[in-house]
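Here you get one chain, nothing else, as C-alpha cells; it is the form predicted alone.
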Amino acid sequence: MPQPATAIEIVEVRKSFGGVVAVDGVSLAVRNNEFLALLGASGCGKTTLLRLMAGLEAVDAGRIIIAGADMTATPPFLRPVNLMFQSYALFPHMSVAENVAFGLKQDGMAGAELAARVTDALELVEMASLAKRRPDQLSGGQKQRVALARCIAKRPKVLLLDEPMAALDRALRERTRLELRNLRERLGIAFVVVTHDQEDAMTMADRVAVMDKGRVVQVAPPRELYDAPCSKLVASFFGESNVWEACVSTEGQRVDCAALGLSVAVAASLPAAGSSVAISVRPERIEFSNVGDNAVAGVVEDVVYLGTVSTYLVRAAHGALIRITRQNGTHPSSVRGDRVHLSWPASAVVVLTA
C-alpha cells in the first residue's frame, strides 16, 4: 500500500475560545520527513494549532488527517503523534529511564522489548549514562533530552514540539537546533515545532509557516521567506528589514517614497501607476556609498556593536530611519552624528502589496 504524501494535512480548521478566534480557517500540509516551523508572535494561534494536531483541543470546523487517516475526532492517545511540552512535564519521582518508559508501559509494553526501546531512545539523545538520575539532578538541557527521548520512544509518525528551546541559554540553544535537525534526519519522521524565534525557524526548518491572527500568511523555505516576503508583516517579522510606504510612480520601474524623499528604482514587477505599496530593503543590502541605483544622505543616530557585525541607524533628511548591517572591519566605522551617504541596488527592493 503506497504511503500518503503528507504526514499531517490540516483542512480549513477553525477554533475559537468564547468569542476569540484562535485558528481561523487554516489549511496546511506537513510533508513526510519534513521539519516545519510554526512561527509567529504571542497570540497568533500557533500553539493552539499544534494542540489541535495533537488532539488536546477539539476543532470547531475542518479536518485533521494524519498519515492518510482522518483523525479529527480521534482522541490524543490514539493518534500517531507525540507532543513535547514547553515545560517538559517530567515526573519528578521517576528516574530518567522510568520517565521514558512511562508511555510505553501505558501501551502495554514490558520486559526486554520495553528495556530495549528505552535504551535506544536514550542513546539517540545521548542520555543513556544518566538513566538512573531523577529530573532534579539534571540541567535544563538534559531535561529537554529526556522529554525528547520519551516522545521518540513511542516512534510516532509526527513529533510536535512546543517552544522546545525557550528555557535554554544561547550556547545550548544553538547546539540544540542542530541536534534536533540531525535527530529528525536519523528518525525519518516529520517534526512540527512552534517558535516565536526566527533564528530557531531559519536554522532548523525545511519550511516555515508564518502565522498572524489565527491565519497562515505565508509558507515557504526560510531563504524564500527572507528574500521574497509576501507582506509587510512577514518582511518585518522574519529577519530585520527596512519597510517604507510608497506609491507606484508613472516613471517606469520606480516608486515614490516620501519618507526617503526619493523616487526608488526597483527591479520587481509593479502594479498600476498610483497604487499604494510598501517597499522592503534588508539592512545588509545597503552600502555606505553615494553610488548606486538608489542613494540618500542622512545622519547616524546610533551604532550597535554585535561582535562580527554592527548595526547603524541612520536618519534620512526626509524622516525615514534606515537600518544598515555591516561586517566589522570591512568599511570605515561611523559614530553618532556622522553625516553619511547610503545606497542600494534596485534588485534589493522588494515590493509589497499587502
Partner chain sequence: MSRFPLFAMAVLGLGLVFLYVPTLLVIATSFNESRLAGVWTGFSLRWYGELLNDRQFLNATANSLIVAGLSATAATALGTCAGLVLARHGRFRGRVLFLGLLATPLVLPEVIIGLSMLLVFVAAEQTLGWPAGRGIGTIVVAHATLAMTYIAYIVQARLTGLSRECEEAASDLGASPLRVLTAITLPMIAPAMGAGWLLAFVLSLDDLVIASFTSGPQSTTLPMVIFSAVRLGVSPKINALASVLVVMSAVCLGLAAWLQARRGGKVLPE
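Positions refer to the first chain, counted from 1. These numbers come from a predicted model, not from an experiment. The term rigid core refers to the maximal set of C-alpha atoms that superpose within 1.5 Å between the two forms.
Not pictured, yet referred to below: the form predicted in complex with the partner chain.
Asker: Going by heavy atoms within 4.5 Å, which of 53-61, 22-30, 321-329, 292-300 lines up against the partner chain in the predicted complex?
Answerer: After filtering at 4.5 Å, what remains is 53-61.
Asker: Report whether the minimum heavy atom distance between Ala220 and the partner chain in the predicted complex is within 4.5 Å.
Answerer: Heavy-atom contact with the partner chain at 4.5 Å: absent for Ala220.
Asker: Is Ala190 part of the interface with the partner chain in the predicted complex - any heavy atom within 4.5 Å?
Answerer: No.
Asker: May I ask you to check whether Gly103 falls inside a 4.5 Å heavy atom distance of the partner chain in the predicted complex?
Answerer: Gly103: yes, in contact with the partner chain in the predicted complex.
Asker: Residue-level question: is Arg145 within 4.5 Å of the partner chain in the predicted complex, judged on heavy atoms?
Answerer: Contact with the partner chain, no.
Asker: Have a look at Leu168, Cys230, Met94, Val243 for me and say which one sits with a heavy atom within 4.5 Å of the partner chain in the predicted complex.
Answerer: Exactly one listed residue reaches within 4.5 Å, namely Met94.
Asker: Just one of Arg207, Lys154, Arg215, Arg181 has a heavy atom within 4.5 Å of the partner chain in the predicted complex. Which one?
Answerer: Of the listed residues, the single hit is Lys154.
Asker: Using a 4.5 Å heavy atom cutoff, which residues in 73-98 contact the partner chain in the predicted complex? It's fine if the answer is none.
Answerer: The stretch touches the partner through Pro76, Phe77, Val81, Asn82, Leu83, Phe85, Ser87, Ala89, Leu90, Phe91, Pro92, His93, Met94.
Asker: After core superposition, I'd like to know whether Ala259 moves between this form and the one not shown (criterion: C-alpha shift of 2 angstroms or more).
Answerer: The answer is no, as the C-alpha of Ala259 shifts between this form and the one not shown by less than 2 Å after core alignment.
Asker: When the two forms are laid on each other by their rigid core, does Pro283 show a Cα shift of 2 Å or more between this form and the one not shown?
Answerer: No, the C-alpha moves less than 2 Å.
Asker: Return yes or no for Arg215: a CA shift of at least 2 Å between this form and the one not shown, with the rigid core superposed?
Answerer: After core superposition, the C-alpha of Arg215 moves less than 2 Å between this form and the one not shown.
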